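For reference, the chain that follows is the form predicted alone, supplied as structure tokens.
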């Protein structure tokens, strides 16, 4: 059996934990803690170390999903979680343009850790104030070759599409290296 480690990263409250919970066939191992800061009352908890989930693509292939903390104060975990990854997903909240610069910075950080394939998931595309994908591509300064995909992290089908696109990119790179 082949296992593939994928990392799900992005800014605080972008949907990383929800993304993993939507598809994991095991109970997600989560290190969420209550938020005590009044400034970050967007949600009641935050990931402080990682989230971990697992999904079997078929009998021969299993994906291990590692979600990173989104808050800068926990970014020391990013490099640890990136070790051995074959690809990564950068989650971006399509409704919060104020997080786009941070998402771009996280993307560049993970590319520096390992030159692996990646995709960008534009989460919350089901909401009326979600940015259009092409506008997001411009704001995030993404090359046309970068896969920027619509996502709704709470919908299993949407999450599977993102994971498959990343898996295809990983397989393409492996084939090219042969």
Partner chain sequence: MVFYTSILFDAPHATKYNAQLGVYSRIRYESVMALKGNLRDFTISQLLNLINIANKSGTLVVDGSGETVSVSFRQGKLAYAQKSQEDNSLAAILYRAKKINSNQLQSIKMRGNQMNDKQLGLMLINANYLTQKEILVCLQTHYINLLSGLFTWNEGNFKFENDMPPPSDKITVHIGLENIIMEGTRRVKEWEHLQDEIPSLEIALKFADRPGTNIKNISLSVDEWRVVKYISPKNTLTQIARAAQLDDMQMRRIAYGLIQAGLVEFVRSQGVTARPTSISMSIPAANKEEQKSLINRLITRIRSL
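Remember, predicted model here, so these are calculated numbers, not experimental data. Positions refer to the first chain, counted from 1.
Missing here is the form predicted in complex with its partner chain; even so, the following discussion is about that form.
Against its partner chain in the predicted bound form, the set 57, 168 and 177 is in full contact: each member has a heavy atom within 4.5 Å.
Using a 4.5 angstroms limit between non-hydrogen atoms, residue 112 touches its partner chain in the predicted bound form.
In the predicted bound form, its partner chain sits within 4.5 Å of a heavy atom of residue 63. Using a 4.5 angstroms threshold between heavy atoms, residue 14 stays clear of its partner chain in the predicted bound form. Among residues of the shown chain, residue 147 is not one whose heavy atoms approach its partner chain to within 4.5 Å in the predicted bound form. Taking its partner chain as positioned in the predicted bound form, the residues of 140-164 that bring a heavy atom within 4.5 Å of it are, in sequence order, 141, 156, 160, 163, 164.
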